[in-house]
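Only one chain is given next, in structure tokens, and it is the form predicted alone.
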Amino acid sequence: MKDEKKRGRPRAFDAKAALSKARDVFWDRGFAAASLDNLSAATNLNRPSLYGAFGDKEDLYLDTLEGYRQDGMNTLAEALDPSLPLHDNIARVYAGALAIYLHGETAARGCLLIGTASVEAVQHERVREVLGRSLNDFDDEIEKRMRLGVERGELPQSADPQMLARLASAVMHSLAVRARAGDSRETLEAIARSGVELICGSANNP
């Protein structure tokens, strides 16, 4: 939320709660299909108050993306706890992702970034920047754990931590798309297990 855009908001205004409600609207409908009426109803803010608190619709959308990105980084860091084996870390990453992707009041929503930001990235430069930065940040976090895996002998010395991190992320992106498309939990969990074995199984093939 922009500090200079605060006038006109209700006295009982809760920015965090409003962003959470707005995020749900964007997540279900996408950026283009989310109307100001939808957002006003969800946040319980009229249009002037909504604009006064967050700016235009794109500003609000970007705020929800940034919040989602930070939540994702926190969840990822927890899943990649270095006190656990690498195999468990990657399994926890996918389990945590599926807990998010399969949530939704009417249907599984997948990933907010992959499901909505990727659609808008071509026409909206600021959305493209947030999307690219988010994906790179996720890759970098996973890459750190892969490098530690090489140091510990969990992965062979010949392993490429950067490429393995991107592969791990690619599996996660596939889970997000397939969840939004309606794949069953059983199917998605099977893909996740195969992803873990594909990535961590390289430790047995130096």
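Sequential numbering from 1, following the sequence displayed. Note that the structure is a prediction, hence the values are computed from the model and not measured.
Omitted from view is the form predicted together with a further copy of the same chain, to which the following refers.
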query	finding
Heavy atom distance at most 4.5 Å to a further copy of the same chain in the predicted bound form, all of 72, 86 and 96	no
Contacting member of 29, 144, 152, 47, with respect to a further copy of the same chain in the predicted bound form [4.5 Å, heavy atom]	29
a further copy of the same chain contact in the predicted bound form: residue 20, any heavy atom under 4.5 Å	no
Exercise: residue 132 in contact with a further copy of the same chain in the predicted bound form, heavy atom 4.5 Å	yes
is_contact(residue 92, a further copy of the same chain) in the predicted bound form, heavy atom dist at most 4.5 Å	no
Proximity of residue 126 to a further copy of the same chain in the predicted bound form, heavy atoms at 4.5 Å	no
Within 171-195, the residues that have a heavy atom no more than 4.5 Å from a further copy of the same chain in the predicted bound form	171, 173, 174, 177, 178, 180, 181, 182, 187, 190, 191, 194, 195
